[in-house]
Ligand SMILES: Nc1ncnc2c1ncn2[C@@H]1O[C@H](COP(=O)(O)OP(=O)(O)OP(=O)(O)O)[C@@H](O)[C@H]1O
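The chain that follows stands alone, in the form predicted on its own, written as structure tokens.
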């Protein structure tokens, strides 16, 4: 049975100003229940694309359809259409502080349901349920600005899920998370996948992409879509990964001989593979975020 089309993106371009392109002629589709990773170097347009899909920005050129309806300023200004769209699509920002603005953690998580018409009692019950799920119940009355970076991110994710959206857009979700919180996030993502949610995740962490997604969109530093394929196909094409600047050539010595080979930041479990002659080697390397490779969380069971 074929799956319904959630997003249809056609010849999408966006500029922040003259000579400030963010996306150039990008086209793709996302089907119901897919988990798709948006890969690319910093500044390639991943965050901008998520904001366009969430209706926070309007395309400079091209179009975006959600469930067969084009996302336009006119539709977003329609209270009924906008309310249904906001219920179905939720965006987790890279900076959690953008999403946390209420006096308490509990109020932040309850905010979305209240805005969409839930009763105060139902909104509070939903918020308390999610805070318990994320291990945040004891922080319910805390001021969000007093939380740690990892706690803020977990509260922000709980607030995104409070409306039970059909689509979750996530911008660098591992940012500011300690290893335990990373494992918890992977488990939450697995639960959402099991429930048939559609998930789009912007990340430059190739190991994370391997863990969670079956499909990847690779954006270039020229803000174009280089390739749309399975995660295995995309991550096995070192030429394209080098072109997109998500891996780089790494030089070091073995036995007095200098070798150069591609280096993947965020590779699965931090293990770095390369070849010397006919012998293959693997060793642990530091991660971009300062954690050693062995600090990479294991893939959740099940």
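Positions refer to the first chain, counted from 1. If you're wondering where the values come from, they're calculated on a predicted model, not measured in any experiment.
Form predicted together with the named molecule: not shown, discussed below.
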property: One residue of 64, 247, 240, 41 in contact with the named molecule, assessed in the model of the complex (non-hydrogen atom, 4.5 angstroms); result: 41
property: Selected contact from 124, 204, 86, 152, since only one has a non-hydrogen atom within 4.5 angstroms of the named molecule in the model of the complex; result: 204
property: Distance check, residue 210 to the named molecule in the model of the complex, heavy atom within 4.5 Å; result: no
property: Contact test in the model of the complex: residue 181 vs the named molecule, heavy atoms, 4.5 Å; result: no
property: Touches the named molecule in the model of the complex: residue 35 (any heavy atom, 4.5 Å); result: no
property: Partner proximity in the model of the complex: residue 197 to the named molecule, non-hydrogen atom cutoff 4.5 Å; result: no
property: Sequence-ordered list of residues in 11 to 35 near the named molecule in the model of the complex, where near means a heavy atom within 4.5 Å; result: 16, 20, 21, 22
